[in-house]
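Have a look below at one chain only, the form predicted alone, in structure tokens format.
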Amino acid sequence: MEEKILELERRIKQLEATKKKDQLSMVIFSGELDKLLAAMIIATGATAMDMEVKLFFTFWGLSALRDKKKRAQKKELTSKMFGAMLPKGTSEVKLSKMNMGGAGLAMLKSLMKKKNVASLDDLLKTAGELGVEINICEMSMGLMGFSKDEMIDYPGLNYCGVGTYLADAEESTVQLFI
């Protein structure tokens, strides 16, 4: 009987050690307004439900985190060209569908304002206030020629690799890819 109790205690400890956190880990791959809005609405909604939220921005998603007012120092020519071709900041991102040369984007923004839907900038500000952590993929930054000195000011902004995302995802109850 004592052996069975010890075995049960060992199993309980093992289960407790592998228990996932009430945490959301999300990869933000897209740099399109509608997808970024969805990601930030989910992130702020999850924090409202007392979940810890960690966002991993990579590839095209990084464009939204570039500060339009900041200039990067000492970039090589290909990085300058790549940076010039990509949107810089939330105000330059487009829709994934029905952008129609910017007409669809203008219609969506007008509709959002009319219906009091928070803008992407407002959602980013709220996310920062709620403690949403933003992790930026350093490899993607390097590939796209972005530097840390051109990224937005955000209270929970970190630079890391995919290993950090995988560790976060492993201990999260919810993982999403946008």
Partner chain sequence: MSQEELTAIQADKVVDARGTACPGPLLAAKKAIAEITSGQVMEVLSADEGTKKDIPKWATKKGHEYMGTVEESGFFKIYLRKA
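Numbering follows the first chain given and starts at 1. This one's a predicted model, so the numbers in the text were calculated from it and none came from an experiment.
Not pictured, yet referred to below: the form predicted in complex with its partner chain.
- Only one of S119, S147, T126, S140 comes within 4.5 Å of its partner chain in the model of the complex through a heavy atom, and that residue is T126.
- Mapping the unseen interface onto this chain, D22 counts among the residues with a heavy atom inside 4.5 Å of its partner chain in the model of the complex.
- The shortest heavy atom separation between L130 and its partner chain in the model of the complex is within 4.5 Å.
- Among residues of the shown chain, I152 is not one whose heavy atoms approach its partner chain to within 4.5 Å in the model of the complex.
- Interface membership of L111, defined by any non-hydrogen atom within 4.5 Å of its partner chain in the model of the complex, is ruled out.
- Within 4.5 Å of its partner chain in the model of the complex, a heavy atom is found for all three of G45, A48 and K115.
- Within 4.5 angstroms of its partner chain in the model of the complex, the stretch 24-41 places a non-hydrogen atom from I41 alone.
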